[in-house]
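In structure tokens, the next block holds one chain alone, the form predicted alone.
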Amino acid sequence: MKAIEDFIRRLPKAELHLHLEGTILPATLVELSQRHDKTPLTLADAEALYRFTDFSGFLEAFKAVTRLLMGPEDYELAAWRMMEQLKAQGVVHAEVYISVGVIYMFRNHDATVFEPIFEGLERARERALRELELSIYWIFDAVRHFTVEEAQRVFTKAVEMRPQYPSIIGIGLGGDERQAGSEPFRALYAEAAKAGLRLTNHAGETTGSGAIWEALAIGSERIGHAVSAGRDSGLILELKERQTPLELNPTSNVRTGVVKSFREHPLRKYFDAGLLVTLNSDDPAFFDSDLANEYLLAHTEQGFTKQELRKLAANSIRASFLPDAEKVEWLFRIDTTR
């Protein structure tokens, strides 16, 4: 087992579905609470927040953690800790969701408070590039059940800031699919694409395959989760023909009750069907499984061979928004990793 674990950590790979707020470990949460709370959380208190049994419980836990991210220094700390964790797993590039929609809601819709927060994130990103040789892109994530108007605030801010910060690579749409689909955001996606932003979307996590069709229809370039695609043979053929990258998060889906076990996750089915699948950890602190462990579970629970794990790593680079020249370099390094 140690041999495969070492191979996985040596294997250069990208993480494409990772929420910054979801990387905050209980110990870091205690540190943040000591900064801001009159009665700080104990470690036991913090750990209790990460226990939930379904998707609704996860959303509540996510909200509880996010409330302690108040200023630029908090976000810089969270980002740096995340980057250290990524480096330790052999991740060479990550495209990280920032819940800008949540930040706005917690700050009474005041968009002006975000720029200093983002400067803190950028300090961590630049340090990671310099000290860890880890590249990071940011994806501004809106919350679909906060209304279209709230999402527009997020996407408009991404468009405004991108010329100054090329690290802002795209936009995303998270939140509760059961309350809002993708179609209402069609115009916003078109505007973002016109401004040069890349388009991602959470779809088919807690809803049927129609949500994935809808996400594709508004121009989404990558689909997060896509668990329900396996119930629609026509959609599987469409995804294969388009080679639409799928950001799969098996342990996340198990922990939120979307699938029963890692072994039953459609990862293997999609991979064998020729879909462009990538492995990701989503919110590793909440789900107690980082990207390296997802690769290991793919091996132990679904029988992925070393060569197939290598292909998953290559898929992560191909599906990334990196420049083509950088992709070629990383693909060569993946192919020569032993």
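Don't overthink the numbering: it's just position in the shown sequence, from 1. Keep in mind it's a predicted model, so treat the numbers as computed, not measured.
Omitted here: the form predicted together with a small molecule. The next part is about that form.
Glu15, Trp138 and Arg198 each touching the small molecule in the predicted complex (heavy atom, 4.5 Å): Not a single residue of the candidate spot has a heavy atom within 4.5 Å of the small molecule in the predicted complex.
Contact label in the predicted complex: His265 to the small molecule, heavy atom within 4.5 Å: His265 lies outside the contact set for the small molecule.
Contact flag, Phe52 vs the small molecule in the predicted complex, heavy atom cut 4.5 Å: No, no contact at 4.5 Å.
Leu59 within 4.5 Å of the small molecule in the predicted complex, heavy atoms: Yes, Leu59 is a contact residue.
4.5 angstroms heavy atom contact with the small molecule in the predicted complex for Gly174: Within the cut-off, so yes.
Option touching the small molecule, based on a heavy atom within 4.5 Å in the predicted complex, out of Glu122, Glu150, Glu214, Glu205: Among Glu122, Glu150, Glu214, Glu205, a heavy atom within 4.5 Å of the small molecule in the predicted complex occurs only for Glu205.
Options 309-317, 294-302, 32-40, 278-286; stretch whose heavy atom lies within 4.5 Å of the small molecule in the predicted complex: Looking at the other structure, the answer is 278-286.
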